[in-house]
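Starting off, we have a lone chain in the form predicted alone, written out as structure tokens.
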């Protein structure tokens, strides 16, 4: 990590020189602050997506004048409510704001804003590592301004607020989620004083919009080991307020010497397994939610012990309600997560007895999501017994091999019926009626069961037999 006071090499992008020159002409000071500085000091090799610039003066005017200095009529977006302006430069979003000091009301995370100094602006930042600033001024271009020893906190991988954490988190409760998200993303530790403050302010999360909460959850899910973030959410009491369906899974009950596994911590293991396999955000959501139906379906009987019958069906229904509550997309994304949850046990059942008909039905029902489903099921293996682990992995390898064989032979994936409803109507002189659906379903079942091949000739002959059984006359 760079130790020197001056960091001109961080400001090599031409845009920084342009901002510096414009700020000088306007006779105001300007600084780069926040994530860009943090990531540079961490020496993270990540593409620059956004840059925050704070001006000791009118940030919007600085943005407008910088835009005039750029080619191709660069447009400036102004957000009057927040006193900020944004422009795009070579795909990078650059946000300008005038230095300010803030005060908050208990009912809102939106502050009352007044012009302030650089120190005031750094005071309002969420964490010391995000209060670091680099000067864009000609007199000290590239100098690091670090009033809270943020560089030291970066080196020790410590997340702590510049000011009193209870006030910081109460003022803007979203910062609690951001602390946990950064801990998960960067594999940092949250200072114990901050963790205690999050615990005490957890209820304040209720004033944050669901959209902002989901944005932070998505970033936690996208981290290398997302279980770290969800354990912190649970430890601080936030998870129970945001995703009670998950915390309901925690605990092990024992009756008459029979117990079940802790489905909450099992879920986090599955999530980490999936994160090690796939970057797909929605597959990670499916891993997180795949067992939420177990809490409401859990039962104990002397004969069978603990059971969770129908938890996949119940869970898929709960997924939709959860997405709706959090104002998440109710489109193909929720359908995908529901589908993985609903079918999460199918390959497991098939693995015990791999038959052609069962595999055909799996291919047909999973469709284009078959590979995603198999990845999920493989991530669902969390046994610590080496013999069982090998057995389960070998079983899934057998299912995968059988899928290849059946798919090559029977072409079931993205199945299209070889006999159309129109042909059935024409063959038997029918108008739209129940019998058409019965014949189409019978043909599909016959193909999936392997009674006939998935081709037109065999399906046509089967249609005639089924029509005859239904007392329909061929014309």
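Positions refer to the first chain, counted from 1. All of these numbers come straight from a predicted model, not from anything done at the bench.
Keep in mind the form predicted together with adenosine-5'-triphosphate is missing from the figure; the text below concerns it.
**Student:** Within 4.5 Å, heavy atoms only, one stretch in 175-183, 246-254, 384-392, 282-290 touches adenosine-5'-triphosphate in the predicted complex. Which?
**Tutor:** Only one stretch passes the 4.5 Å heavy-atom test: 175-183.
**Student:** Only one of 426, 50, 407, 445 comes within 4.5 Å of adenosine-5'-triphosphate in the predicted complex by heavy atoms, so just point that one out.
**Tutor:** Contact with adenosine-5'-triphosphate in the predicted complex is made by 50 alone.
**Student:** If you check 219, 402, 204, 266 against adenosine-5'-triphosphate in the predicted complex, which one has a heavy atom within 4.5 Å?
**Tutor:** Looking at 219, 402, 204, 266 one by one, just 219 meets the 4.5 Å heavy-atom criterion.
**Student:** If you check in the predicted complex, is residue 125 within 4.5 Å of adenosine-5'-triphosphate, heavy atoms only?
**Tutor:** Flag for residue 125 set to yes.
**Student:** Taking adenosine-5'-triphosphate as it sits in the predicted complex, is residue 35 in contact with it (heavy atom to heavy atom, 4.5 Å or less)?
**Tutor:** Yes, residue 35 lies within 4.5 Å of adenosine-5'-triphosphate in the predicted complex.
**Student:** Is residue 130 close to adenosine-5'-triphosphate in the predicted complex, meaning a heavy atom pair under 4.5 Å apart or at it?
**Tutor:** Because a heavy atom of residue 130 falls inside 4.5 Å of adenosine-5'-triphosphate in the predicted complex, the answer is yes.
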